[in-house]
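First, one chain by itself: the form predicted on its own, in structure tokens.
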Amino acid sequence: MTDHIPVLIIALPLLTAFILPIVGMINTRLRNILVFLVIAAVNLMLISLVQRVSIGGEVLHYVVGAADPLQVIREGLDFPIRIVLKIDGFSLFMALISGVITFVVFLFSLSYIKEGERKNYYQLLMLLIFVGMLGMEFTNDLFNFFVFLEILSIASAALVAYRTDRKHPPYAGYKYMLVSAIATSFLLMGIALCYAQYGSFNIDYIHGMMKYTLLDKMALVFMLVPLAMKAGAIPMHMWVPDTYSEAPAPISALLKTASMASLYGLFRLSFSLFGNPLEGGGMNYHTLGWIIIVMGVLSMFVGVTMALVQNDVKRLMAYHAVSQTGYMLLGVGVGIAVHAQADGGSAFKLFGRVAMMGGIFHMMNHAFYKGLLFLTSGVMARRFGTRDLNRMVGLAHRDTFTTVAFVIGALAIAGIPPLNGFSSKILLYESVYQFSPLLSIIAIFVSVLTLASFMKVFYSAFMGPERKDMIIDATPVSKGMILGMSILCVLVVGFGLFPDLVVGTIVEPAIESLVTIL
């Protein structure tokens, strides 16, 4: 059974999603138990792979319908077309993030989403988002990557528009679906260019055959630009504020993790498909690195400045999501640019690897503290019946737990020690400074503005006298909501106190799998 874990991780939630509406019509409690067991089982299977993949350095290949998994890699397309999965350090790293956030979102949603709000379909779509993320992270096949991205996009659009009784969510859902359709169409064009030349969708096979022709460079643009759009990077972030602000709060946390699956795709294809930047490979990777750096810096600065002027708490957090994506792009972009330098080998050992380490580590840290902040924003909006900060005051008197959780998330996103945001940002500050002091100064300045922005939120919503007339919903926070936020609080604090353990166990193996091509 352990040999089939890679496919079970994807198949289990996918099959559960299909039967979920029927189970929900029979017994809602049974449905909740089923979803809990499935998500927990997937997380346990992912954790069980850490010893083999992250610590042991093993790369797992699984091909549905083939006796020899490596046959597809050696020979390319083999009829019938196979579903090819590959689990290495980076894909497992991202799957762990997806698993934890999905589990937390499920716990939070148990009472946050009422049974009268079509909860059967809510949980079905949540599982499909989970399947889409896992499929994108585990597939070693370009066409299947496209298919899983489509599954992710359609399920996400449906949950963005979930509150159909309100005016704005359907509009946000249509907008997200339009952006997704454009992105996936261009991605499919890039995949078609690769297939037309090499007769295969397998990433490892195409990488081995890559000739770096003009069509290959066109394919790179057609693939990486849409993935940057789906990740919410500037200047392709136009969908982010509406999508994150109009979706239910737990889904906003899940959507942010889903956008990082696209960021994973951008990083994965940059390295594993179009060549190892350490060896040049015929591509101008110095230019590619700087393009990613520029996107990162713009995302950081524009995102945080737009957040400063927001009065809608969820739109404010949406712009901060854009800003924090910039840190991840900056770290990996610096790593790619250093690779491409003439002395890239020695320079990379000094600070290029550390920059990538900071960028990759920040992906996990960001998922946890931003997920926590989105969940607290849901509590705030429900308490006051509005997302307008000007109509919130004194929540600290009413809800101590949410106040503490918000403070932990806010300090973490601002990079204040000893929380996890500081652990990854300090790696970025020090390594990027070696590459360009100006870029490091900009990153630090953005963190200062981030702290100022969340001080505004804390002062507006939590401080001040208690105003019982402003509280619309005085219901205590449920156990599921407390448990979900508590898990993220523990991770945010724990990863800040013991960063070496996390970096050595799962972050460094993730980097190794990117820069080492089989």
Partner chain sequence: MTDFFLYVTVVLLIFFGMVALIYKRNLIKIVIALNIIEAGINLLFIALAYRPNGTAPIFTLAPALGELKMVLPTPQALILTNIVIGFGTTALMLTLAILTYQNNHTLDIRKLRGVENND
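Positions refer to the first chain, counted from 1. Source: prediction; values computed, not measured.
In what follows, reference is made to the form predicted in complex with its partner chain, a form of this protein that is not presented.
Undergrad: Quick check: do Pro6, Ala396 and Ile408 each get a heavy atom within 4.5 Å of its partner chain in the model of the complex?
TA: The answer is no; none of Pro6, Ala396 and Ile408 reaches its partner chain.
Undergrad: If you check in the model of the complex, is Leu438 within 4.5 Å of its partner chain, heavy atoms only?
TA: No, Leu438 is distant from the partner.
Undergrad: Can Glu246 be called a contact residue for its partner chain in the model of the complex at 4.5 Å between heavy atoms?
TA: Yes, Glu246 sits close enough to its partner chain in the model of the complex that at least one of its heavy atoms falls within 4.5 Å.
Undergrad: I'd like to know if Ala196 sits close to its partner chain in the model of the complex, meaning any non-hydrogen atom pair within 4.5 angstroms.
TA: Flag for Ala196 set to yes.
Undergrad: Find out whether any non-hydrogen atom of Asp388 is located within 4.5 angstroms of its partner chain in the model of the complex, and reply yes or no.
TA: Asp388: yes, in contact with its partner chain in the model of the complex.
Undergrad: Just to be sure I understand the contacts: of Phe146, Trp239, Phe274, Tyr205, which is the one whose heavy atoms reach within 4.5 angstroms of its partner chain in the model of the complex?
TA: Contact residue from the list: Phe146.
Undergrad: Among Gly99, Gly135, Gly173, Gly289, which has at least one heavy atom within 4.5 Å of its partner chain in the model of the complex?
TA: Looking at Gly99, Gly135, Gly173, Gly289 one by one, just Gly173 meets the 4.5 Å heavy-atom criterion.
Undergrad: Just to confirm the contact call: exactly one of 91 to 99, 185 to 193, 323 to 331, 256 to 264 touches its partner chain in the model of the complex at a 4.5 Å heavy atom cutoff, so which is it?
TA: Stretch with heavy atoms near the partner: 185 to 193.
Undergrad: Judged by heavy atom distances of 4.5 Å or less, which residues of 143 to 174 approach its partner chain in the model of the complex?
TA: Contacting residues: Phe143, Phe146, Val147, Glu150, Ile154, Ala157, Ala158, Ala161, Thr164, Asp165, Arg166, Lys167, His168, Pro170, Tyr171, Gly173, Tyr174.
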